[in-house]
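For reference, the chain that follows is the form predicted alone, supplied as structure tokens.
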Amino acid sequence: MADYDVIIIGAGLGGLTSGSILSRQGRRVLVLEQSDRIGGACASYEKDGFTFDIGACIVEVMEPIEMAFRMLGTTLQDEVELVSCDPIYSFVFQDGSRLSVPLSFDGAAEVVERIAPGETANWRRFVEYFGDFYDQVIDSFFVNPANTMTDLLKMFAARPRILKYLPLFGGNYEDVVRKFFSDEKVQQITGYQACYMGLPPERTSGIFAMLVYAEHLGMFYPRGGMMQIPEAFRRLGEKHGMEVRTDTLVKKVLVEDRRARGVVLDDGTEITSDLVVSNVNARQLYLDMIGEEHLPWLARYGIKSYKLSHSDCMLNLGLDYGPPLDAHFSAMAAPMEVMNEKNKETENGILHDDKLGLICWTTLSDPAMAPEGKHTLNIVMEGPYDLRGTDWDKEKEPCKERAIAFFDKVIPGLADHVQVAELLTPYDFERRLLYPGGAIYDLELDLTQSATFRPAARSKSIKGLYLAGNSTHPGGGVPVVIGSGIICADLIDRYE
């Protein structure tokens, strides 16, 4: 008899979502996490009294998250206290001007009216268009498997109105924004969200322009930090018998006759199960933990062809003053052609001193993230893994100082009030979280590596092997990774 019904490798959001749902189904589930904390890149840590987030910093597109908690017999609102962010952004433009965008659609229309009166009707047309698209895909595309073209056809058959939006799937984000808006500043405040996909607007799928609409349905921050979401899944899973072990590194997946039989730990311990769920990078899973000898030739070729996603840096600052900012999220905006060009330079290892980052003022929403009277900022900014002519071990401290100097121009007085400063680099994400190349979304999210073209949630090469997390459909980001956990649990319930 196997030791467990299901073994899950990795306690990121995808693994914890699937594990908690499978536990509620009555399965004996073991989750193994190499780190000393759960959550992966959706986690928090404390330093000198300040609490900082590690990667994820925003909660939006709520339906997949709410669905997962309903499947666990509760609600997201009962398990995690969310603080609504309004305004949703303060945009900082390259000419130094700023504007805040309120949560409501009508409030955003008033902002558009002020900066470009001729675009107001286009904004309302954009909202109507993506509102309908959102309604068609949110409970279909993001929580249903896309293992085969048949799966996609079933989605379209269930929601035939999606066919109206096929140009979005094949087009790019930049073209979509330019189709609706001609004013440059309006393009900037609706084009910035492409950054969340880790790609420039010219390479981001057009479907993700939906994020602009979704953000006006609600953007939130969990009181207590992003760690509260994985902690909720852990708590609910353990209620139903799920076991979570941290500081436990899985080295190999046991495979016999192309069937998963369990895992081998770093210390040589074998733990058996006929079902294994991977919440780690799919390239790492198939090439290192399973081994090419267990894969058909086409699968070997396919997995090697996947390109890793972008890497990022995160500058975490503890301050002894309240920063002069207007919102929880301040976005460094730029014209889309500038975003495209900067991305090309970043891919060539060029590190820019002027940033296109996202400033997250966490203590605005939750003062308990810092000692009384003090504040925390989490600043997400671009960071190529391979630096031209140097590396992150050499550049970490100089880059941190240059970044503080740059953001001091954006946030007056910042440099004089920093008490704690830590820069998380791609090397840190690789070493702490075992993300190859610091790839925070595992694999790139362009059209050629999306949906059916992403590694299947139910492995086509190894029986009893399932995938959750960034590496599989629907991709990276808090709500869609939770969606991958729902898909994984549903597939196991259907086939096992």
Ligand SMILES: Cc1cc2nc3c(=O)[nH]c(=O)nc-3n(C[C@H](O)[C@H](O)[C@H](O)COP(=O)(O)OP(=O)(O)OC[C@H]3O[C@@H](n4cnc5c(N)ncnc54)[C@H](O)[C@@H]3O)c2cc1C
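Keep in mind that this is a model prediction, so the values were computed, not measured. Start at 1 with the first residue shown and count on from there.
The following text describes the form predicted in complex with the ligand, which does not appear among the structures shown.
Of the candidates Met62, Ala456, Leu465, Ile58, Ile58 is the one whose heavy atoms come within 4.5 Å of the ligand in the predicted bound form; the others do not. Though the ligand is absent from this view, in the predicted bound form it lies within 4.5 Å of a heavy atom of just one residue from Val29, Ala41, Ala68, Leu443, which is Ala41.
Contact with the ligand in the predicted bound form holds for none of Val6, Ser23 and Gly237, as no heavy atom of theirs lies within 4.5 Å.
Residue heavy atoms within 4.5 Å of the ligand in the predicted bound form occur in exactly one stretch of 82-90, 278-286, 293-301, 142-150, and that stretch is 278-286. Remark: Leu434 counts among the residues lining the ligand in the predicted bound form, judged by a heavy atom distance of 4.5 Å or less. The closest heavy atom approach of Cys488 to the ligand in the predicted bound form falls outside 4.5 Å. Contact check for Gly483: every heavy atom lies farther than 4.5 Å from the ligand in the predicted bound form. At a distance threshold of 4.5 angstroms between non-hydrogen atoms, Gly12 is in contact with the ligand in the predicted bound form.
Shown without its partner, the chain has Gly476, Gly477, Val478, Pro479, Val481 in segment 473-492 as residues with a non-hydrogen atom within 4.5 angstroms of the ligand in the predicted bound form.
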